[in-house]
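Below you'll find only one chain, the form predicted on its own, shown as structure tokens.
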Amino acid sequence: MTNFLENKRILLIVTGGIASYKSLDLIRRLQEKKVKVDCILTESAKKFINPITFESLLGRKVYSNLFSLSQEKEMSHIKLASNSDAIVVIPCTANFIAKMANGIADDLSLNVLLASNKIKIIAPAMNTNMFNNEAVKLNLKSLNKMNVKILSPKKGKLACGTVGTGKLMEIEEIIEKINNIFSPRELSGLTAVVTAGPSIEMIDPVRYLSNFSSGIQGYEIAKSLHNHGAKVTLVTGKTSLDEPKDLEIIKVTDAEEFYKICVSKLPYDIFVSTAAISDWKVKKKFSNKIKKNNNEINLVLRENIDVLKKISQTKNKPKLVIGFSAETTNLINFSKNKLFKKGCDWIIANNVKTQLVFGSNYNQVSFITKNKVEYWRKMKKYEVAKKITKKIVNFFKKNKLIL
């Protein structure tokens, strides 16, 4: 995950609830991402966790009392409100939600929220019946209209012993959501289709032709484009990866399915063909399992549909088409030939013989256009995705296709 939080300043408001202790983990995670964190504890939060615990983690005082003269001299509630890039309320109780929605300001935290025009984010956590109460639903709708970002609670076993919706979103996911809020949005208004993972070409009901593609690189590219504002559809073969959040994900099996989905989504602005789609398939699938009656079997293969070439040459060709090339010999020449033969704009090439690529979090690629070749250093796949995204942003800016 690209870190968009570095050097940001976040004001964390902790309200009283069983999940209050999780805010300590949030502070640690934010500090790891080089975020400057200030903290306000409500009076009810102090009944769950001693302020000293927060102060030892932060290395400075926490704020709580609206009428503390010493704190007001150091930093008034107006200064607290204006100095932060975002205000995050975690956990956010039903009572606090009600006060925020109705403009009540009876403590320091609520005064700060009213005095601030910065990004506001809340992560509700409460009993299931409370969360489903019409009053809470109405208050959340009001906050949504006020452009407060709401990190919806999850379903699970709650502190009261019941199972239902109301559990605080996992801290790791909260970090990801906050990070995405701060991501640059240069690709806003653009649409993209990214393919990832392997294709599976059936031989008989139990056997198939495929490859070792893990899908990691394609998933990272899809997430990076999304983080930069593009509306992304991820078309994926079978992988063991967690599904990226907030993307349209379409699962497919063979090359024909990859192609049908990619064509059906036209027109769109960006096509990134990361998937390792089999070049071959059997000429005729066997309807039943092939039995071991002989020592050998002859399979007749025929060339598969070329998804990258088809999309590159379609009438509604996307403004930018990017292909991937995995070779074991003569990497640059073969990849250049592929670029011209298929008609795409860029090729990202890697040698899968001299380095571990499939299933690895690392990749070393060459960036190839019609006019030049760039040799990139070995880096993590999310860094490759970030660098490709930067190239995409520059392409659209250079061609004045985005502001």
Ligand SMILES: Cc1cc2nc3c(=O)[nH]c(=O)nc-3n(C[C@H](O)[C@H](O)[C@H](O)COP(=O)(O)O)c2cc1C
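Each residue number is its position in the shown sequence, starting from 1. Worth saying up front: this structure is predicted, and the values here are computed from it rather than measured.
Not on display, but discussed next: the form predicted in complex with this ligand.
- Item | Partner proximity in the predicted bound form: A255 to this ligand, non-hydrogen atom cutoff 4.5 Å | No, no contact at 4.5 Å.
- Message: My question is simply whether M130 lines the interface with this ligand in the predicted bound form - judged by any non-hydrogen atom within 4.5 Å.
- Response: Looking in the predicted bound form, residue contacts with this ligand include M130, since a heavy atom lies within 4.5 Å.
- Message: Please tell me whether any heavy atom belonging to T15 falls inside 4.5 Å of a heavy atom of this ligand, as the geometry stands in the predicted bound form.
- Response: T15: contacts this ligand in the predicted bound form.
- Any chance S210 has a heavy atom within 4.5 Å of this ligand in the predicted bound form? Flag for S210 set to no.
- Message: Just to confirm the contact call: exactly one of 358-366, 56-64, 27-35, 42-50 touches this ligand in the predicted bound form at a 4.5 Å heavy atom cutoff, so which is it?
- Response: Of the options, only 42-50 has residues within 4.5 Å of the partner.
- Identify, from the list F271, Y219, F324, F96, the residue with a heavy atom within 4.5 Å of this ligand in the predicted bound form. Comparing distances to this ligand in the predicted bound form, the residue within 4.5 Å is F96.
- Scan M126, I122, I178, L108 and let me know which has any heavy atom within 4.5 Å of this ligand in the predicted bound form. By the 4.5 Å heavy-atom cutoff, the listed residue in contact is M126.
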